[in-house]
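What follows is a single chain, given as structure tokens, in the form predicted alone.
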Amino acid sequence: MTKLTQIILRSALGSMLLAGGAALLCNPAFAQSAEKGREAFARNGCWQCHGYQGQGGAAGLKLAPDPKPLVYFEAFIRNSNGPMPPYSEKILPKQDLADIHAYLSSIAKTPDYKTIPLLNQ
């Protein structure tokens, strides 16, 4: 990520927080649904680069488990200028974005290989 991209993302994130972006987390109108998020993740083609479970791939970064906070996630998706195109609210509404975040947050971590008996023989 270039220095200019970092500055733009920080500025966008700060603006979103000041403008009430944090309200997205608390607003009942944006109740998040992991099931709807899974559908939106597939419908919007996120899986093509990030894998069906957000595990990452050749073209996209790992998103799950433990995605970045929703406000950061939205700022990046709306203002990306790297290999991933930016998604405006017209293309990816806030509700879908919140649901996608809920879906990525719902994905369980893979177990530590040391806890799998067969792998420790």
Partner chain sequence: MSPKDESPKANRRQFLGGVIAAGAATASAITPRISNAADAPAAGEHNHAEHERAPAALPPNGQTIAAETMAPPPLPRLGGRAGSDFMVDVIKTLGIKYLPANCASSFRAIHESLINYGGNTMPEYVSCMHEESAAGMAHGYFKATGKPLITLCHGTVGLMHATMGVYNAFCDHVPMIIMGGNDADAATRPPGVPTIHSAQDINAIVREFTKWDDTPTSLQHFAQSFVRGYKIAMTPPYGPVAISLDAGLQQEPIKPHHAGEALYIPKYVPTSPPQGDSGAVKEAARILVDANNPVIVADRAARTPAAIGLLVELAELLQARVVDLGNRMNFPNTHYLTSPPGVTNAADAILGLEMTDFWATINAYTDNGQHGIGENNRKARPDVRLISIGAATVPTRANYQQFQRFQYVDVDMAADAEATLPALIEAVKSALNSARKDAIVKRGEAARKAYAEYMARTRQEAALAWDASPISTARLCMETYAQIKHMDWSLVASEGNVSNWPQRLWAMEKHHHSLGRSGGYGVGYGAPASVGGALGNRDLGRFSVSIQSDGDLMFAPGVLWTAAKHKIPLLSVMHNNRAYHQEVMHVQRLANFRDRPSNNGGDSGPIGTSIMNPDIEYHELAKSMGWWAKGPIKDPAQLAPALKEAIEVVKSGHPALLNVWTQPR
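Positions refer to the first chain, counted from 1. This is a predicted model, so every value here is computed, not measured.
Just so you know, the form predicted in complex with its partner chain exists too; it's not on screen, but the next bit is about it.
Among heavy atoms of residue 51, some come within 4.5 Å of its partner chain in the predicted complex. Proximity of residue 36 to its partner chain in the predicted complex falls outside the 4.5 Å heavy atom cutoff. Although the partner is absent here, residue 55 is a contact residue: one of its heavy atoms lies within 4.5 angstroms of its partner chain in the predicted complex.
When its partner chain is considered in the predicted complex, residue 47 lines it closely, a heavy atom lying within 4.5 Å. In the predicted complex, the residues of 87 to 103 lying within 4.5 Å of its partner chain by at least one heavy atom are, in order, 87, 88, 90, 91.
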